[in-house]
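As structure tokens, one chain now follows by itself in the form predicted on its own.
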């Protein structure tokens, strides 16, 4: 059964919320089978799947494509769609783009920073919103931890409170000190989802490529549960060797069904 914003709010303080990103249909299908209650189709797709140097290169069309793929794989899972850089510059523009993500298959949208007027406008027009404070990849100059000074910590606390007051039902806290994330989690009445923010958040999100070990770099606050890149290398090497030696496809029984090529 697909969870709604009210379901996630009700989990605060009682059950932790696991969240993974996904960008493709088969991965989304596996995540749903694992009963992960929420999938984030993040603009991280630009860096981990598309080879961009920044999430700022991701377009609304890219997000529609990947959200559609994930929805086809995870029909019963709550899907959050990221509003990419530049698509939420004012309430009307954000609404138009948020509607596109909803029509593509998202159940809610996420946007970065204390964009209060936009959050209020989207919520007023029945679009559930997930906030995001702490490190903001779309506008950050680097990926160092933020919120270390008392002044910066206060700013992030104020932003989180403003995001909640504007009507968001959940907020992502990225790469901030664990103690700060714990403090914000206690202050807010909506769930906090940590990424590099420690164990005291109401839930945790991890980029699926980081979890799979797919790629050649992973943030230090992530965890690799496998190293799929090594498997891809092994399979590609064995396939190449078998083709060169003419072992493949001679060792395969001829298939007479539907050709998927």
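Positions refer to the first chain, counted from 1. What you are looking at is a predicted structure, and each value in this text was computed from that prediction instead of being measured.
A second form of this protein, the form predicted in complex with 3-methyl-2-oxobutanoic acid (KIV), is not displayed here; the remarks below concern that form.
Out of 167-175, 99-107, 70-78, 154-162, where are the residues with a heavy atom within 4.5 Å of 3-methyl-2-oxobutanoic acid (KIV) in the predicted bound form? Comparing against 3-methyl-2-oxobutanoic acid (KIV) in the predicted bound form, the contact stretch is 167-175.
Looking at the partner-bound form in the predicted bound form, is residue 39 within 4.5 Å of 3-methyl-2-oxobutanoic acid (KIV) by any heavy atom? So residue 39 does not count as contacting 3-methyl-2-oxobutanoic acid (KIV).
Report yes if any heavy atom of residue 207 sits within 4.5 Å of a heavy atom of 3-methyl-2-oxobutanoic acid (KIV) in the predicted bound form; otherwise report no. Residue 207 belongs to the contact set for 3-methyl-2-oxobutanoic acid (KIV).
With the partner left out of view, is residue 195 within 4.5 angstroms of 3-methyl-2-oxobutanoic acid (KIV) in the predicted bound form by any non-hydrogen atom? Residue 195: contacts 3-methyl-2-oxobutanoic acid (KIV) in the predicted bound form.
Of 42-66, which residues get within 4.5 Å of 3-methyl-2-oxobutanoic acid (KIV) in the predicted bound form if you count heavy atoms? Heavy-atom contacts to 3-methyl-2-oxobutanoic acid (KIV) in the predicted bound form: 42, 43, 44.
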